[in-house]
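Only one chain is included here, represented as structure tokens and corresponding to the form predicted alone.
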Amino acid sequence: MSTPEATSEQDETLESLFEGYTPEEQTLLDKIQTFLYESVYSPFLIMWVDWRTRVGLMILLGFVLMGTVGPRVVERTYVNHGPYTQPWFQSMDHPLGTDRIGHDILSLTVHATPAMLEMVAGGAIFAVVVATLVGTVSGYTGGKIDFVLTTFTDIALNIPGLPLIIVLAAIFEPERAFLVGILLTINAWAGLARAIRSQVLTIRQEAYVEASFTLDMPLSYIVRRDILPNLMPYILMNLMEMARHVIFASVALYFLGILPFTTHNWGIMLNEAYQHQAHTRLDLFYWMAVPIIVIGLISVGLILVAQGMDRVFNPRVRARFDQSKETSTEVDNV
């Protein structure tokens, strides 16, 4: 049993150890710099090391420029804009050729890109956000909330997607590309929500999650700091996969004439080329080849970026990168 004298000596010893110590206070500028380094600069450098990510980002950046700057640079085409069915690479005025009524195929491709990007963004973000929200809350809370959300997810998962899209498109007739993207993923989120729920059920048994729960941390904190960082590689890869799903689904449904859209689309270009036997005539194959190449190229870009995303959230890669940055900083200071 400790005496009052011994306790007093221990207190004096602790005071002497921490004498002159003041916790380092970060200014707002320091916090902003730390956030930008950890959330923007460091992930970008880690991704840039991988050649797949570099190529994928350059491909996607090219499509973003084509969808934003392209329509301002490339003139919108019209009937009799050029000779009928002129093959590609025959004229600098129409480098990708023309269709049966003189539309410039390059102009059709460029001016169809903004709506496609808006469609992809709307559908992919909607599906991933809903799936992440439903799967995370359902897997972590359990009980009646889990039962209700799981039942709702199973219902959405078992509704046939194509008939549902056809019915909703006939009822609402969406004209905005953003709404068309949401329509295409109206129940595509359900499978991802089921998968995320399964992973959350495993993660919530980890010691650090139980520690946060024991400390009575709010649910929003536990989800944001303990659960979502472990799910981010899977979520981001599915974001890219969902974007590819929107591209293929929209092209297919526009090709079949199901979606009510008035402007040009890569699927509409394929439909018109198919109706004029471009898939069987070698002299008209360029008409169908251009949208096929564009669709394939953006899909490859999304796949490469998705593969590179795993490096960003890999703890070992982040640790090696931070260690190398600290070493180089020490060398510079010497």
Partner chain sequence: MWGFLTTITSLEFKGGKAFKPEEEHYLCMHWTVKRIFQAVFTVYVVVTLSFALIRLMPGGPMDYLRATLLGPDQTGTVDRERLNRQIELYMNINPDQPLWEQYVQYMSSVFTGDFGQSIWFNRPVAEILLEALPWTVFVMGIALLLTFAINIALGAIMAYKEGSRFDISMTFLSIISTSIPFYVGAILFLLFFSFTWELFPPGSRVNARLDPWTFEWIMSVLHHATLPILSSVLIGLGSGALIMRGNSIQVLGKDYLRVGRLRGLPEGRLALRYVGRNAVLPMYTSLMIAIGNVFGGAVVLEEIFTYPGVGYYLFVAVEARDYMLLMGAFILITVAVVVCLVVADLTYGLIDPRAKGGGYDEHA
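Numbering follows the first chain given and starts at 1. Each form is matched to the other, and the largest set of C-alpha atoms that superpose within 1.5 Å is called the rigid core. Since the structure is predicted, the reported quantities are computational estimates derived from the model, not experimental observations.
What comes next is about the form predicted in complex with its partner chain, which does not appear here.
Exercise. Taking Leu45, Leu61 and Thr68 as the candidate spot, are all three within 4.5 angstroms of its partner chain in the model of the complex by heavy atoms?
Worked result: Answer is no for this spot.
Exercise. If you check in the model of the complex, is Pro95 within 4.5 Å of its partner chain, heavy atoms only?
Worked result: No, Pro95 is distant from the partner.
Exercise. Closest heavy atom of Leu179 to its partner chain in the model of the complex, within 4.5 Å or not?
Worked result: No, Leu179 is distant from the partner.
For this session: Give a yes/no on whether Trp88 approaches its partner chain to within 4.5 Å in the model of the complex, heavy atoms considered.
Result: No - in the model of the complex, heavy atoms of Trp88 and its partner chain never come within 4.5 Å of each other.
For this session: May I ask you to state whether Arg54 is within 4.5 Å of its partner chain in the model of the complex, using heavy atom distances?
Result: No, no contact at 4.5 Å.
For this session: Work out which of Ile101, Val74, Leu201, Ala121 lies within 4.5 Å of its partner chain in the model of the complex, going by heavy atoms.
Result: Among Ile101, Val74, Leu201, Ala121, a heavy atom within 4.5 Å of its partner chain in the model of the complex occurs only for Leu201.
Problem set entry | Sole residue of Leu106, Leu236, Ala115, Val251 within 4.5 Å of its partner chain in the model of the complex, by heavy atom | Here the answer is residue option Val251.
Problem set entry | Residues within 4.5 Å of its partner chain in the model of the complex, restricted to 147 to 183 and counted by heavy atom | Residues within 4.5 Å: Phe147, Thr151, Asp154, Ile155, Leu157, Asn158, Ile159, Pro160, Leu162, Pro163, Leu164, Ile166, Val167, Leu168, Ala170, Ile171, Phe172, Glu173.
Problem set entry | Rigid core superposition, Gln277 Cα moves 2 angstroms or more between the shown form and the other one | After core superposition, the C-alpha of Gln277 moves 2 Å or more between the shown form and the other one.
Exercise. With both forms fit on the core, has Phe213 moved 2 Å or more by CA between the shown form and the other one?
Worked result: No, the C-alpha position differs by under 2 Å between the shown form and the other one.
Problem set entry | Did Phe172 shift 2 Å or more between the shown form and the other one, C-alpha, core superposed | Yes, the C-alpha position differs by at least 2 Å between the shown form and the other one.
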